[in-house]
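Just one chain is shown here, as structure tokens, and it is the form predicted on its own.
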Amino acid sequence: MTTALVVGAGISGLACAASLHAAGIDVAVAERGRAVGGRMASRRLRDTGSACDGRTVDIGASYFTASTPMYQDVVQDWIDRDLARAWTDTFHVADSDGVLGVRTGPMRYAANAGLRSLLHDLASRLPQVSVQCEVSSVRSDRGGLVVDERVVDAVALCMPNAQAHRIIDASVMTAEVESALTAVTYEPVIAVTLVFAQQCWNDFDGMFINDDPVLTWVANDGSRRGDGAPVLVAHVNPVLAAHHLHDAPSVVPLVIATVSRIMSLGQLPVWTDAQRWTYAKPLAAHREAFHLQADSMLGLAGDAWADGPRVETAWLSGHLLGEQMAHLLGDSD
């Protein structure tokens, strides 16, 4: 039976695996982390000393949009099953001196149990998803692909390009693959969760912060979850984040001071946490939806493709790569 391995269980990897599975390909997913989700990450709050203990908060991507019909169908299915909901089309805008006003845009969607729950839903429909399963090498041997010691007919690397570059052996690293992987630069982010005893800010959903050396974005997670919990998630300016990736908690005092000043907060948080994302966001993305070396059946997908970077384009990249792989694998049978 034709076999395929998808490396990475973020939304692009799971979408790719879903397309392959739907076409009857024997597909497995390998994820190096402790859970599926990638940068659609959520965590359960513990030991905060507040009523928020046990609550889920999103610490990676903040929301998603849906503009393409095939992805809208996926989102509508989540909404119909009460997994996701329309959140807001209006965000506030601020700068270092304070709040400036509001800006409307496309509808943003949130997940009732955190964005990771949507990835768990996708993974539940697949035959084999392994976590804490790190892949160290993808090489060619006698015309086939060998992932570590496993021989497969096709491999999809659905992860940040820099991580994919590290595991591709010279035997399959063509000039085209090398160029695709090195053409995109990623910026880091540190996401700081702030838990308060009670809400001490004027109502808002999310806030873009322009031209500030410390922050670029603050999400009101109580609004995002719909439960009104006094929890904010602040994203650190990538320049500052790059200097603190080795010690993410060191940015917390700066974040507290900046949020307090911009939002005129009357109290300090009772609990904080900092999560670093080394490859948080590609600065640009390939216009092509994915890359596939048809002779070796090595594919690349993720938010650095499909004119991203957005959750939706990451899904689209993986979905279309899986469809094309399934098509070529079917023709070879």
Ligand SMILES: Cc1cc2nc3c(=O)[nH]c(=O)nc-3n(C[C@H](O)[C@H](O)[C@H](O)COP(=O)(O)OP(=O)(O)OC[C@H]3O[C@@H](n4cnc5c(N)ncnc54)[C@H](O)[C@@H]3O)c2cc1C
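Since the structure is predicted, the reported quantities are computational estimates derived from the model, not experimental observations. When you see a residue number, it is the position in the sequence shown, counting from 1.
This protein has a second form, the form predicted together with the ligand, left out of what is shown; the following refers to that one.
Query raised in the report: Taking heavy atoms only, is residue 11 within 4.5 angstroms of the ligand in the predicted complex?
Result: Yes, residue 11 is a contact residue.
**Report entry** Non-hydrogen atom contact residue 21 with the ligand in the predicted complex at 4.5 angstroms
**Finding:** Result no; residue 21 lies far from the ligand in the predicted complex.
Query raised in the report: How about residue 225: is it within 4.5 Å of the ligand in the predicted complex, going by heavy atoms?
Result: Result no; residue 225 lies far from the ligand in the predicted complex.
Requested in this report: Consider residue 61 of the chain shown here, and say whether it contacts the ligand in the predicted complex, taking contact as heavy atoms within 4.5 Å.
Outcome: Yes, residue 61 lies within 4.5 Å of the ligand in the predicted complex.
Query - Every residue of 40, 189 and 302 near the ligand in the predicted complex, heavy atom within 4.5 Å - result: Each of the three qualifies.
Query raised in the report: Out of 242, 254, 167, 113, which one falls within 4.5 Å of the ligand in the predicted complex, going by heavy atoms?
Result: Checked against the cut-off, the match is 167.
Query raised in the report: Though the ligand is not shown, can you say which of 180, 262, 145, 135 has a heavy atom within 4.5 Å of it in the predicted complex?
Result: After the contact test, the surviving option is 135.
Query raised in the report: Residues in which of 27 to 35, 291 to 299, 266 to 274, 49 to 57 have heavy atoms within 4.5 Å of the ligand in the predicted complex?
Result: One stretch meets the cut-off, namely 27 to 35.
Query raised in the report: Which residues within 252 to 287 place at least one heavy atom within 4.5 Å of the ligand in the predicted complex?
Result: Result: 277, 280, 281.
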